[in-house]
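In C-alpha cells, one chain follows: the form predicted on its own.
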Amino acid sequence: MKARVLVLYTGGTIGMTPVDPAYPEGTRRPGTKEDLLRYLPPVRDGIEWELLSEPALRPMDSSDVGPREWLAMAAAIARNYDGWDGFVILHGTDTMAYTASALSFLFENLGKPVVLTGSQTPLFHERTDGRLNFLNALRIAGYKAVRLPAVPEVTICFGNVLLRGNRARKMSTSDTDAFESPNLRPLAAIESEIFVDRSLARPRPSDPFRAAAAMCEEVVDITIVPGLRAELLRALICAPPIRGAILRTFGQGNPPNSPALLRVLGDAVAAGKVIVNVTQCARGFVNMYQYENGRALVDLGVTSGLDLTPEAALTKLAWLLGAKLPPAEVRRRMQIGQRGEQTFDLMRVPAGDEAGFAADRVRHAFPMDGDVLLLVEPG
C-alpha cells in the first residue's frame, strides 16, 4: 500500500544554509526549497511526498513565527486536506511547541496525522539529525505504507519520541532529544522501529474536518517573580488592547500575598480580561485550593490552567478569544480538555450534582459558594 504526504517547509535550522559558504559554521539563514530538496529523498518506503511552496509559508527563523503564520499553515493544510494521507511540517525548534499547540486547537475533527519536525543541525551538515527526524516524521504521516497505527492529531517527531504537540516543550538548545512531554508519556517510541502507544492515540473523528480562521493576538504571557511591583504588572496586564493573559505562578499556582498585586489582577478580571494561571514547574498541575495564596486568585476569578504547558495555555486562550466567545465561556472551556491538552477537566456543578459523575472519574471535589468544583478525568 502506498501513501501520499504533503510537506510544508516553514524554515528553521533543518533548512538553514551558511550566509558565507566558505564558513559553514558561521551565521546561517533560512535556505530555499531548492536547498532543501538537495538533501531529502524523493520517495521512501512506498511514501510519495511533495514539498508545498506558497508565498504565505516563506522559510523563516521560527522565532519570527506567530499567529499569522499559524493561520497560514492551518489554511494550507485545509486547502490540501482531501488529497493527502498525512502532512509533515518542517519547522524551527524554538517555537515548534507553540505552533504544534496552536494547530491542534485550530484543527477541528482532524482525522489525519500532522507531524512537526526539524533538527538541531542543518541538513547540509554531515552529522545532521535532520534526515532521520524527517524520515521518521514521513513514516508517521505516511502510516498506511509502513503499516503503522494512525495517529490522527498534531504531533512533534523529534529524536527518539513522538509527542502530542500540545503537551510538548523544548527542553534543550542542543540535545538531539530536544523535546519532552512533562505530563504525558510519548505517543510513540522511536528505536530501530516505531512503536505507537495505541492506548494514547486519539480516535479518528466521524465529523468533517475544518480549520479555524482566527486567533486573538492580544494575549500576553507573564511570569511572576519575587518582588514584582504592582505598577509593572498593571502596565503589562491592564493595557486596553490586552484581552487575556497567561500568569506563570509559583508551585501549585501561588502568587505573592501582596494586596497591591491582587488588586491589579482583580481589576483586570473585572475589566473582562481572561487570566489563566499555570505553574512555573515543568511537571504537575495548578491547584489553587491548596494554599491561601492560591485561593486568593480563585476569589478574584482567575482561571486554573491545570497542567497545561505555557505554550498550550497561550495558544488555547488565543484560539478561544479568536472565536469571539464571551469571557465566561472562554474561562469555562479553558478548564475543559479540547484536544487532549490536559489530564483533567475542572467543572463547576451545583452541590449534589457530582453524583452524576462516575466515582472513578472524580479525582477531587472543592466546595465553592454552594457549588462544587470537580476535578475529573475526561470521559
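Start at 1 with the first residue shown and count on from there. All values reported here derive from a predicted model rather than from experimental measurement.
This next part talks about the form predicted in complex with a small molecule, which is not shown.
Which of 78-86, 114-122, 257-265, 221-229 lines the interface with the small molecule in the predicted bound form (heavy atom within 4.5 Å) = Correct option: 114-122.
ask   = What is the one choice in Ser181, Asn287, Asn293, Thr93 with a heavy atom within 4.5 Å of the small molecule in the predicted bound form?
value = Here the answer is residue option Thr93.
Residue among Glu48, Asp61, Glu54, Asp353 with a heavy atom within 4.5 Å of the small molecule in the predicted bound form = Checked against the cut-off, the match is Asp61.
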